[in-house]
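Below are two forms of the same protein chain, given as structure tokens: structure 1, then structure 2.
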Structure 1
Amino acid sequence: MNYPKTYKSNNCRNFMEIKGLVNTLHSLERKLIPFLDKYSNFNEIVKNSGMQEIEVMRSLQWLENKQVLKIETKETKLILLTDKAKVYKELPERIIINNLSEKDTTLEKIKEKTKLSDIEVNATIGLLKKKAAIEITKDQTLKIRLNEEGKKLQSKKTIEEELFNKLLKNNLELDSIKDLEKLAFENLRSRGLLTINLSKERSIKLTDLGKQLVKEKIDTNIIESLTPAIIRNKEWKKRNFRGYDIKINVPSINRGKRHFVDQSIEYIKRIWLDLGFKEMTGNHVDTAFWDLDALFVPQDHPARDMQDTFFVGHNRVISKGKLPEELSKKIKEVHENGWTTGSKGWGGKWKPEIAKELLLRTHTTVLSARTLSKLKKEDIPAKFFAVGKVYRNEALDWKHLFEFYQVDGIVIDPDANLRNLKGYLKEFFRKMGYTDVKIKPSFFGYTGISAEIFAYNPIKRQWVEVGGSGIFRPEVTKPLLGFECPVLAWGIGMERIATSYYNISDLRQIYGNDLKMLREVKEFIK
């Protein structure tokens, strides 16, 4: 439904504005306006316009919004006779007084004469007694007679009666009754003969604009909706269209949409693809061999502790996978004595059983390790990236997730060096909207020259820690590749970037799947 236009300013309008106003009038308004000149009372407008009450009301409200008129509502309290009172032609006390004299009579006789009910007679006798109009004596039965005061009443009406008689003719406004009558009003009300009814009376007052408007010639034969029929019969050539209020808010609708995390993943992937990287994917469950041992992480490293890493198994008993035979021999040597890499290794004994343990990958660097193991000498230089889920055994809270995304990249190039690493990182983060990148010395077991990555967020004006990087150690690359070649590597936290872009402070919100939030959140556009 298109609602008619609303005008906000009440200033004197020029001719064009009146024309504009006329143009946007709804057909109901158009039908109504001619009557506004003649009638001001709502009920009369309804009666004379022949429109439904609801149509009139709605049109009037629209016109009021346009400051064409003011709807004035007067509330009145009307005094009405109740259904019980309407039965009487005169009040019971009048009937009883007329049937009494100075001579004693009994209740039975009164009832017989007046045909009033027991309750009415008893109540009325009580009332007359209060007014000191009767004398009651007690013999064997009650004897009742009029006294002097009562006799006066025979010829004179009580205030209650006067009020009652008025009400028989017309309803009265509560505000209009006199002070003296108020007592009678209360009296009759307490006897359940009167009631108060609230009634609203609406009337219309035209504003200056309204007065101008009613003088305008208003086309009532406009096109409200363009229908197939109107197109077919070319009716549109003969009639005008009603103009809409094109500024009005319309009810919202929902669209289909990708999850915002997936949107940011797409964006990040795009960047690496633009930089000439190939995508790596792989399994979420892997052996410790690929996740840790192949990356020269010592077998007594805390990353293998139950409190840091999810292991597959049951009740703290870890399931095992299979090892690649040839490669594990080399890895064993590398750990124990450095093999042919020129390293001393970690010393001690490397145990295949520990390497077989199944875990949920702790980093997507496991994909890099697998990729290196498949790479041939003729394939280099080569560049790879992965955006994938990784897992850490954390209790879920506002700053810890147990399942999240990591962005990994490797560059295998005989000439690759630390300055190149800085170059790739800077380019990636520049495309992500971070104006500068800084690397600081750090330590990761599998990189020789390790660096923490900090990126500068120009909007928030701060350096943010965004990931780790380095050059893989020869102990990692030589057994996997089968030859020596520097490999630049980095792992970047995805959620840190997403939360900053979406201003999310509680990490749980990222995968909380609140549908309202998902529907309303902005697109990931950098």
Structure 2
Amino acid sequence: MNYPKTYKSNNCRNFMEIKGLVNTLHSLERKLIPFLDKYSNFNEIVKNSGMQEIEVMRSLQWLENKQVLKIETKETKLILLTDKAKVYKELPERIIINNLSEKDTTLEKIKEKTKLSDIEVNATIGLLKKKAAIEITKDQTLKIRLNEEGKKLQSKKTIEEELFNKLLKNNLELDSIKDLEKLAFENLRSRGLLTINLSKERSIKLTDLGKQLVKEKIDTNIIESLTPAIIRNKEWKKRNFRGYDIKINVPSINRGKRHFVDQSIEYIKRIWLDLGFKEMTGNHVDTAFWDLDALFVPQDHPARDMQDTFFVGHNRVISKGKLPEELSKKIKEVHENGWTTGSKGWGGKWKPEIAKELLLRTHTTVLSARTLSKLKKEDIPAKFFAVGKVYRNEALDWKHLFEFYQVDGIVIDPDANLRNLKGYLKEFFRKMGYTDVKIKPSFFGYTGISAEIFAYNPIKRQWVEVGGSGIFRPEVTKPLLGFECPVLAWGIGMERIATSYYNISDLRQIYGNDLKMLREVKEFIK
């Protein structure tokens, strides 16, 4: 292809770039371009182009995206007189001073002479009195105060007056006034005489590409969209079509995706499944028997109060469920005297009516209890996990929720020990992005050997408490399994470990449905 001599070598690329750009210009851009090398001020462009302000603004933004020009905006804060101030030729205090003689003058005479309203006179008199320029005698007459030379104390114009007189002639930029004038401005502004108006002045500056573009002869009679009339009249043969600009910036489209909590749950489940665990599932509503009694929680424990647990019922009457007949006999014995576990139990009388009460499960450990009750000796060793929602009657704050997900796990194995427990937890948290795990002695009601779990967060560089763990007590395992066997167990708050990954400091943010956060939150670990 033979290019014009002026576009040889490096200019060949520029020539093709310009021609390609011209082909994609919108009709509004084409109409505006001839004025860009003549005017740089936005208002002048609007005035001389004959286009509407919105059309000019939109066209300039499109051209800026195409790197033809840069839009520069200068914001200026202008001091303006309010409508109240515009009626004055000078400030009210000067008007009153000029109408005060050295003799006593009554308030009524001042109002009559100055033609000021009662409110204006009273406010100004108070201001002058504050400045010690006048005094009011006992008989309510006004007297101007004189200096040692016998002149009025307010004979010279104040800074407020000088600023006011300037503004009578022209508006001033706020940044242009001096320190003392700033104090005068604040005084006048507090009196409702001055205001600030934010003025934006836009101008354009052509880029090198833009300077070349304005020299081009641009066809303004193009076809933007094809219509039946254009086809019938065969105008498409005489006119050029506008080309598509495949490089132009377009608004980003937010694709649909799973909530990051769902992503976290899916990932956590995958970890346990890969470690050979089977998933436990169950109902969100269960009896106190499975949720508390089977886990050796005494029937007078505070957790059973309405303040801590959501009971299910109607008109303050708690609904009742059914109990497994044979197992409930063993649980009764365990609570009252320890049964055959070697424990003394809790003493007192175990009441089946309390165990029948329906509630929203307070932990997913209820699933562990149900799972253990179904196991036989030939099923052991076995490993199970659960990730499910639990409910506590908690006051909502930055670190407490009344609905949250709990990650539970149990390992039933005659050879299980604390070293195994730490190994499982360490592997899980390693895959969750934590570098190390500590388990520290603690106390939990249904584990004989109990430990709190602390995981080291490499981002925050600190140890974070993430849950509880231990080995189930014989009072839990023997009645459920029918025989004694060590059972490793743990319960972890899922939101607490996920928030560290997402850098969320307030648990309430997780379920706040903030669209901006949901769009921008990073994907979970892959």
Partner chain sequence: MPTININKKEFLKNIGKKLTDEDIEEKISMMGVAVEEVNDNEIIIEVFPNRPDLLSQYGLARAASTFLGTSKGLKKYNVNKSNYIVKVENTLENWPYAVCAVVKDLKFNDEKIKEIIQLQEKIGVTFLRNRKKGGPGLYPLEKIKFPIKFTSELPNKIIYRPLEYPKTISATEILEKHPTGIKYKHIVEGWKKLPIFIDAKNQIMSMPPIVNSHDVGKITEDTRDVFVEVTGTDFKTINTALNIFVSALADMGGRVYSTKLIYGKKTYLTPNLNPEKVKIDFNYINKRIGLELNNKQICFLLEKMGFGIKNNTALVPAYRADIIHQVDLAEDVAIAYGFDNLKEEIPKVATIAEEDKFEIFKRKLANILVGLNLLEVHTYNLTSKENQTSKMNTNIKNVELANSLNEEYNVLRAWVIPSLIQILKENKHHEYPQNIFGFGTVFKNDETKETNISESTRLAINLCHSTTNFTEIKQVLDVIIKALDLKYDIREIEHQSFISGRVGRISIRDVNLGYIGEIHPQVLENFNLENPVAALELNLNELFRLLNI
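Rigid core: the largest C-alpha set superposing within 1.5 Å between the two forms. This structure is a prediction, so every number in the text was calculated from the model and none was measured. Residues are numbered by position in structure 1's sequence, first residue being 1.
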item: Of the two forms shown alone, the one predicted alone; value: 2
item: E93: Cα shift of 2 Å or greater between the two structures (core-aligned); value: yes
item: CA of P34, rigid core aligned, shift of 2 Å or more between the two structures; value: yes
item: Flag for E484, CA shift 2 Å or larger between the two structures after aligning core; value: no
item: Cα displacement of D83 between the two structures, once the rigid core is superposed (Å); value: 31.8
item: Value in Å for the CA shift of D208 between the two structures, taken after the core is superposed; value: 7.7
